[in-house]
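Only one chain is shown below, in structure tokens, and it's the form predicted on its own.
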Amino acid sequence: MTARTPFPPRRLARPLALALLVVGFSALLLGRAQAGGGHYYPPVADPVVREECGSCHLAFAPSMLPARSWQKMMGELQNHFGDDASVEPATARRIADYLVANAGDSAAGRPYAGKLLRGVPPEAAPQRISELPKWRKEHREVPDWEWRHKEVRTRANCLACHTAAERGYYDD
């Protein structure tokens, strides 16, 4: 009787190692694809937030800004980028609570916002995603005329170029 070894015979070792390598690489690619390749920001899941914010523009992912930005923005709804976006106090509280809980510097938002919020000073409360250093770097090659195109009109119109933005994907 021959003694059994805990390892596969040599003729099986190479194919087994190759199979493990393929499985590991596939898992890495699948994980990256599911995360949007570093350009994924979970879309707004709360129906009230999606309805209220999305009635005028894309309901931006809360992880795109720090909590202090959302707090400031929600405190100035009567002058929301030149418009009065005021809502009932209870609705404003619900929206603010959701945005802060899922902000880029919160436990829920941090895994997605790391790169986007890099370079933002800890005391800063940016109001426009398009003013973040990472956003500017990502969009530096877009010519000025393209921002003025009739189907784009503004740097806040992510959907003009990122057609899957409502689902959280901002890859080109």
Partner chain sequence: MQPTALRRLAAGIALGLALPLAAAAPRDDLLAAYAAAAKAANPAFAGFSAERGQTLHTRQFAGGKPDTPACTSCHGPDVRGPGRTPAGKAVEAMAVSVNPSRYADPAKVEKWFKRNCNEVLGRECTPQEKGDWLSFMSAR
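Since we're looking at a predicted model, the values are computed, not measured. Numbering follows the first chain given and starts at 1.
Omitted here: the form predicted in complex with the partner chain. The next part is about that form.
You can rule out all but one of 127-135, 62-70, 46-54, 99-107: in the predicted bound form, only 46-54 has residues with a heavy atom within 4.5 Å of the partner chain. For the three residues V142, T163 and D171, a heavy atom within 4.5 Å of the partner chain turns up in the predicted bound form in no case. Among residues of the shown chain, R153 is one whose heavy atoms approach the partner chain to within 4.5 Å in the predicted bound form. Although the partner is absent here, D83 is a contact residue: one of its heavy atoms lies within 4.5 angstroms of the partner chain in the predicted bound form. None of the heavy atoms of V120 is located within 4.5 Å of the partner chain in the predicted bound form.
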